[in-house]
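Taking the form predicted on its own, here's one chain by itself in structure tokens.
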Amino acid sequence: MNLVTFSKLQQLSEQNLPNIAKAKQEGRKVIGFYCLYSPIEIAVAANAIPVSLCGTRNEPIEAAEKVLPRNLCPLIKSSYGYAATDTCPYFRFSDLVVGETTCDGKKKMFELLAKFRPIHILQLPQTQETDGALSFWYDEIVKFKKKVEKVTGVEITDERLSEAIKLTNQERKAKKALMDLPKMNPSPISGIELLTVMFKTGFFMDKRLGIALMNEIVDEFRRKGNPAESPFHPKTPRILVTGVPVGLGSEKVVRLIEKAGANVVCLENCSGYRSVFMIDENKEPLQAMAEKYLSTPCSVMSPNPGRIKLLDELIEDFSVDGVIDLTWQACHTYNIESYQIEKFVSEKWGLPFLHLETDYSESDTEQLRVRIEAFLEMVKS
């Protein structure tokens, strides 16, 4: 990104919190979300402000460990620590916090989180492959809609939902266009730059601002199209990172990969390509939302064929040279699923594969660096 674009992103990010504070003073409600399974369109349709909640930094974990076990996923501990220390302004602004039963650690943590803010828990099915699962999930979304109507005092009609879906689909389209830039070889943008844009725009109160900025960045890179201006060259190893979500503060593996001389061209995770599945605008809104969100290929689903299907498409589309599977410590579902992912990557594509298990701290950075550098030597050979 050039300095002008980055400066604009930074300026809009800094203005975001004052904008939310002003909107709250004017009577708008704020609804905080943690997970990709949560349907933000319902908040948008109620003229509430949907915000992503903090959970990607190591600093709050020490406070969380006074209550939570040390051998727990860092994402869970960070999320709780932010709430316990009152250091996430988005959590502080939230009139309602939305949790979901994706894993045992999170659902038990949400019980404790309820002492800080009103919580609504979405009971998530553990499979995507039965009609009963979809019907159950549809009912959960209906319950959530009623809860948001009660909190905001706004009736959420089908017309409002349809407009909200159109807006969030525009956001997904812009995000996908941004994430598609590294299909070019060499990529015009680094993995860290991609992650920075997606992470910061994900907090924007005004989604149209984020959409416009992402489209501006994409247009800028497409206009240039000059390989000489890329930070990489055509033989730079092209790495796909799969697994757990990554954000600013938990991006050390992405940084280490690119510092070692490779390019993270694709993120197959909840902060990457899983977030751009579109909602069918021609179906009844709640049904379309239920189908879209339930199809998210997270490792909590059993079985989880959608992840293999998505990986298959991305490996081909991005001309990937190697795959790194990232798991947070104590995330059992991703840890176990890594066996199937390695088998698929090796047998179907014949690509080098590396599984990394880590947390948010810097204590294992040197060990990770050595393993990543050795992996990249294998990719190059």
Partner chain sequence: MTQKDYRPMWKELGLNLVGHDQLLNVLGQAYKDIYMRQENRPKGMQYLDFVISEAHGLRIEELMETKKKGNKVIGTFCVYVPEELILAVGATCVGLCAGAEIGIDEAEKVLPRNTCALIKSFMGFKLAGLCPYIQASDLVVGETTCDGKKKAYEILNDYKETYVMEIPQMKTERDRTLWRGEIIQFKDKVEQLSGRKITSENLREGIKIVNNKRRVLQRLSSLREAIPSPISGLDALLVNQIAFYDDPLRFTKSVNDLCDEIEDRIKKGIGVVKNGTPRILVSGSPMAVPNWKIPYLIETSGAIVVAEESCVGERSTRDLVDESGKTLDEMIDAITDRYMKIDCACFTPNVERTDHILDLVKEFKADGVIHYSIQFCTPYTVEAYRVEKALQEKGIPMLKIETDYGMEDVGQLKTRIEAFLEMVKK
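Source: prediction; values computed, not measured. Residue numbers count along the first chain shown, from 1.
There is another form of the same protein, the form predicted together with the partner chain; it is not shown, and what comes next is about it.
- For a residue to qualify, one of its non-hydrogen atoms must sit within 4.5 Å of the partner chain in the predicted complex; none of V345, Q367 and S381 qualifies.
- Interface membership of P303, defined by any non-hydrogen atom within 4.5 Å of the partner chain in the predicted complex, is confirmed.
- Although the partner is absent here, C54 lies well away from the partner chain in the predicted complex, with no heavy atom inside 4.5 Å.
- The shortest heavy atom separation between D104 and the partner chain in the predicted complex is within 4.5 Å.
- Contact between P69 and the partner chain in the predicted complex is found at the 4.5 Å heavy atom cutoff.
- Among S162, Q287, T127, N185, the residue placing a heavy atom within 4.5 Å of the partner chain in the predicted complex is T127.
- With the partner omitted from this view, the residue of K108, R255, K200, R92 that lies near the partner chain in the predicted complex is K108 [heavy atom within 4.5 Å].
- Residues of just one listed stretch (40-48, 346-354, 315-323, 330-338) have heavy atoms within 4.5 Å of the partner chain in the predicted complex: 330-338.
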